[in-house]
Every structure is written in C-alpha cells, then in structure tokens.
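One chain follows as structure tokens, the form predicted on its own.
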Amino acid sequence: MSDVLAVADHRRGELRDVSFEIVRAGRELAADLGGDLHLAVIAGDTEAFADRLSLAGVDAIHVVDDGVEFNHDLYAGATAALFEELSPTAVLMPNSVNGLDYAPAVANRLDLPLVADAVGLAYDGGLEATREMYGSKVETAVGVSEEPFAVTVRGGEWAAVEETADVPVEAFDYEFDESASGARVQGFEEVGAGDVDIADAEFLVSIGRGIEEEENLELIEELAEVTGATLSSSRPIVDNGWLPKNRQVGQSGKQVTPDVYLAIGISGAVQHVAGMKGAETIIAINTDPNAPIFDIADYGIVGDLFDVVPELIEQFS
C-alpha cells in the first residue's frame, strides 16, 4: 500500500522524455513512502519500451501489450485495472497531451483525488504537491491528506533517469474490448507541425524581441546553420508571424530540454522561462544587464546581438 505506480508515455513509436523523468519523480516519492516503484507501459512496442525503461529505481515493469498508439479507453481502463491489482498509494501520470486525456478518467473511476501539473512532490504523512500559477509567477503547495491519490507530473521538472538496471518485466493481462470503446484513433496530426520538433533538439538558438525586424532573422539563421543548432523563439516572434507556432518556446508554446539553449535578445519573461528552464546549459545575450534571463543563465554576454552574433558566426565558421 506504500507503492507508487507510474505510467510511461510514448507517441508514434518513440518514448517521450517524460517517461524517463516520471521514473525519477516516482522513485523519490516511493522512497518517501517506503514502497516500490511500478512502471506501466501500455500499447506500442512494449518489449522495446520495457527494455529502454529498465532503469535504476524501478522495481517492476508491467506491460499491456494491446494496441499501437494511444487510446483513451485502453489507457484509462488498463491503468485503473493495474492500480486495483497493485493497490499502490499513488499513481503518477504524465501531464502530457495523452496524460491529460486519461488521468481524470482514472481518478474518476478509482475515486481518487487528483493533483494536475505538479512540478514537485514530497510526502511526510501526506502528499504535498508543488504547482505553479499565474504564468509561473507563483508557486503553491497543495496538500492531500486522502490516500491513495493521483498526480500528473509536468515534463522537464525532474532529471531523466539514465542508469540502467535489470528490472523484471511482467505482462499484465488486461482485456480491452475495442469494439465497445467510444474512442477511435483516426490518424495523427501534430498541431503546428513543421520541419522540426524543437522539443527534440539538443542545441537551440532562440530569439526574442531583441532582433527588432524580421529581416534580421537571416543573421540568426546563419548562426544556427554554422553551429548546427535549431532555431526557436519566444512568443512575440511568433505573434509577429516571423516564425511558425511550432518554433515557440514557453508556457503557451513547447517545453524544451536541450543540452544548450542560446537565448538571443530574450528578456526572460516567466512565461518563456517556464518552457526552457530545463535546459542543461543556458547562454544569454542581451544589452540589458538586469534582464531576468541572466538570473537563470549559466553564461551571459551583455552586449548588442548585432555585434556579438556576427563574431560568433565568424568564430564557428
């Protein structure tokens, strides 16, 4: 009864980063509870997924080998059935598009309190979940005294677990009646789909209001090309129509966790920071030494981007 059940997330045959992060969140919570961490893998290539998710801190992997892609009824039913089988204290689900689809249904079926979009979890006789509000300007602590409970965890808030381990994999026999399901996957279309997915990029060159004019995009594109980076931006650039929506980083855009995030002419508004603070190394270029982006940057250059960027292009060329 002190165990934690976490559910992995995948899309189009690929495990999402949150699958590795939810292992960390689940392991830490299970340690607080004094129980084991069980990981559920539902649909898709479960054998390959289970192999990749055999990670340190996972005590058991349960696979539901049914279906290829996400299906609401399959995920809600299998997660609820596995929960009833294991009787854990907590079930963690990703705060992703998929997770937000079925997590409320799971909580409703099991009559569990649900905390959504948690960025921190602690347990000391009761759950204390940290959430962000008002555009990440305010952190709130949500106390949950009732047990068991359900939580969706935000991606990019916990470090991904990479250390592998020999984790037992068990097939969970869940009978999914697809003919009785009211949900059908008719196809896959990513909103704002374009030539790249910035969420998967390892090196992002990101631009903000500081580039001043659309014509100056060419300079940044040249920097991205010589450094092998992917171009992204803050919201004003997208609102101006200078880059498509799928390039936007931030609370109303995409959450990214690259190895390197080079912020050029970006002030560091909380809405933007919410989407990129998980970057391993943050470098900022801004003329304003008091710009908030410098509060989270690992390296900073106080200077005019129109002087600095050409120098960088020359160096990397």
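C-alpha atoms forming the largest set that superposes within 1.5 Å between two forms make up the rigid core. Note that residue numbering begins at 1 and tracks the sequence as displayed. Just so it is clear, the structure is predicted and the values come from calculations on it, not from any experiment.
One more form of this protein, predicted together with a small molecule, exists but is not displayed; see below.
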**Non-hydrogen atom within 4.5 Å of the small molecule in the predicted bound form for each of Thr79, Thr140 and Gly143** = no
**Asked** Tell me which of 208-216, 146-154, 121-129, 101-109 has residues with heavy atoms within 4.5 angstroms of the small molecule in the predicted bound form?
**Response** 208-216
**Item:** the small molecule contact at His38 in the predicted bound form, heavy atom, 4.5 Å
**Value:** no
**Request:** May I ask you to check whether Val64 falls inside a 4.5 Å heavy atom distance of the small molecule in the predicted bound form?
**Result:** no
**Message:** in the predicted bound form, does Thr287 come within 4.5 Å of the small molecule, counting heavy atoms only?
**Reply:** yes
**Message:** I'd like to check something about Thr281: if you look in the predicted bound form, is any of its heavy atoms closer than or equal to 4.5 Å to a heavy atom of the small molecule?
**Reply:** no
**Prompt:** Superposing on the rigid core, is the CA of Glu213 displaced by 2 Å or more between this form and the one not shown?
**Reply:** yes
**Prompt:** Using the core for the fit, does the CA position of Ile301 change by 2 Å or more between this form and the one not shown?
**Reply:** yes
**Message:** How about Asn240 - superposed on the rigid core, does its CA move between this form and the one not shown by 2 Å or more?
**Reply:** yes
